[in-house]
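Shown here is one chain on its own, the form predicted alone, set out as structure tokens.
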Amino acid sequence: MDAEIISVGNELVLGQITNTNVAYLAAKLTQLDLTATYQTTVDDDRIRLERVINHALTRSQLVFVCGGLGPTTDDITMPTVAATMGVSLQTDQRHWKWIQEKFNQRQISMEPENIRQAKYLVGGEPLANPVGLALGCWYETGGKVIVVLPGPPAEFKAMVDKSLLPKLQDYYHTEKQIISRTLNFLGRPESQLMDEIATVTKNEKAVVITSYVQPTAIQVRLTVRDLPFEEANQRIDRVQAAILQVEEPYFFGVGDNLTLAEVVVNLLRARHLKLTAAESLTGGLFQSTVCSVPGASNVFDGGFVTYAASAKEKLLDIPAMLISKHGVVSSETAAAMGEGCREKFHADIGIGFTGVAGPDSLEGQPAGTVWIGLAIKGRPTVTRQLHLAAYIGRQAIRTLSVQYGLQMIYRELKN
């Protein structure tokens, strides 16, 4: 059966944002053995959108129209889908009342146009939006299904996972079963990782192995089709074990949405340990990343951003002579930062980041040179130097520095 994903928005057509929604939905459909054979992008024009929807219905049995469900006049998706289907829109009164309550709680004045977010096609079924205001819609016509979904990624993913996927599973009964598992790695080039994985899994033909490069990890997905659940998982277990025999130092967990920060915070919570940090080139990004994990307050009380050498001296009591002798970008300074912040907060673990985010060099060190110092109570302080590629850019260098810092903590706690 063919499915088609239609993405709506001027910003998509103009290349102003990256369309992550289509990849997310396509992957979810593949797990249900529903293939998004066609994927189309169209701007916020009623005539063109109507033309695209009509064309999609001539070749696909399942059509998704994504984006353009806001309250403004340029959010044309729901009324255009209704016009294309020859039906009108109706208001979900219960949802409209809920929207009004939310505006009152936030003490924000509401415009009359906000009622547009409570409307859906007559004869259709509203799809709940777990993290936003606009309803989606499921509509059946002539043996085909058209689904309307929001555009903001957080709302889109939540609606797909919570409202759409259960509906698709119930509606489309396929005999094929797809079992998959996602392994997360950091610190290995993708080509080297996959070459090594191919070598140790060459006899496991039933398991399909694919890789996906993310900003903070490489995900390796193991997939088995058309086997009983227990046998499929046994095969995946066997492949995972073979992979981890050679790649275990770079592995940090299983899951599509797993983050290393989440793994580290949960590990610290389980061991009742406190973490603090002193950051130079990362400028607070490490602490922000830790605090993005629910429950971080159990393991993190505060930390330091010591961008200038003078701040390192005043806030962390690092001797000026140490910095003068070894430089800001050095193992010694990174170690002193980790030790200094740990002592100031009486924490179990202190981590320090210093280096060159770029684009210019510093102290003769090229962009991408990073030192991380990790001080754990009762253990010798350890440091690590990173040689990140300058061409990836300033922000990517900072982001990867944070991830490698988290990896250092994870490895030390696992030892």
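Residue indices: 1-based, along the sequence shown. Here the structure is a predicted model, which means the values were calculated and not measured.
The following text describes the form predicted in complex with another copy of the chain, which does not appear among the structures shown.
Here the chain is shown alone; which of Leu267, Leu227, Leu165, Ala296 has a heavy atom within 4.5 Å of another copy of the chain in the model of the complex?
Partner contact (heavy atom, 4.5 Å) among the options: Ala296.
Using heavy atoms only and a 4.5 Å cut-off, determine which of Tyr307, Trp138, Tyr250, Trp96 is in contact with another copy of the chain in the model of the complex.
Here the answer is residue option Tyr307.
Flag Gly303 as yes or no: does it have a non-hydrogen atom within 4.5 angstroms of any non-hydrogen atom of another copy of the chain in the model of the complex?
Output for Gly303 is yes: heavy atoms within 4.5 Å of another copy of the chain.
In the model of the complex, does Tyr212 come within 4.5 Å of another copy of the chain, counting heavy atoms only?
Close contact exists here: in the model of the complex, Tyr212 approaches another copy of the chain to within 4.5 Å, heavy atoms only.
Partner contact for Arg106 in the model of the complex: another copy of the chain, 4.5 angstroms, heavy atom
Arg106: yes, in contact with another copy of the chain in the model of the complex.
Using a 4.5 Å heavy atom cut-off, state whether Arg235 contacts another copy of the chain in the model of the complex.
Close contact is absent here: in the model of the complex, Arg235 is far from another copy of the chain, nothing within 4.5 Å, heavy atoms only.
Out of 80-88, 238-246, 108-116, 331-339, where are the residues with a heavy atom within 4.5 Å of another copy of the chain in the model of the complex?
Every other range fails; the passing one is 108-116.
Can you tell me which residues in 20-41 come within 4.5 angstroms of another copy of the chain in the model of the complex, by heavy atoms?
Going through 20-41 in order - heavy atoms within 4.5 Å of another copy of the chain in the model of the complex - the hits are Thr20, Ala23, Ala26, Ala27, Thr30, Thr35, Ala36, Thr37, Tyr38, Gln39, Thr40, Thr41.
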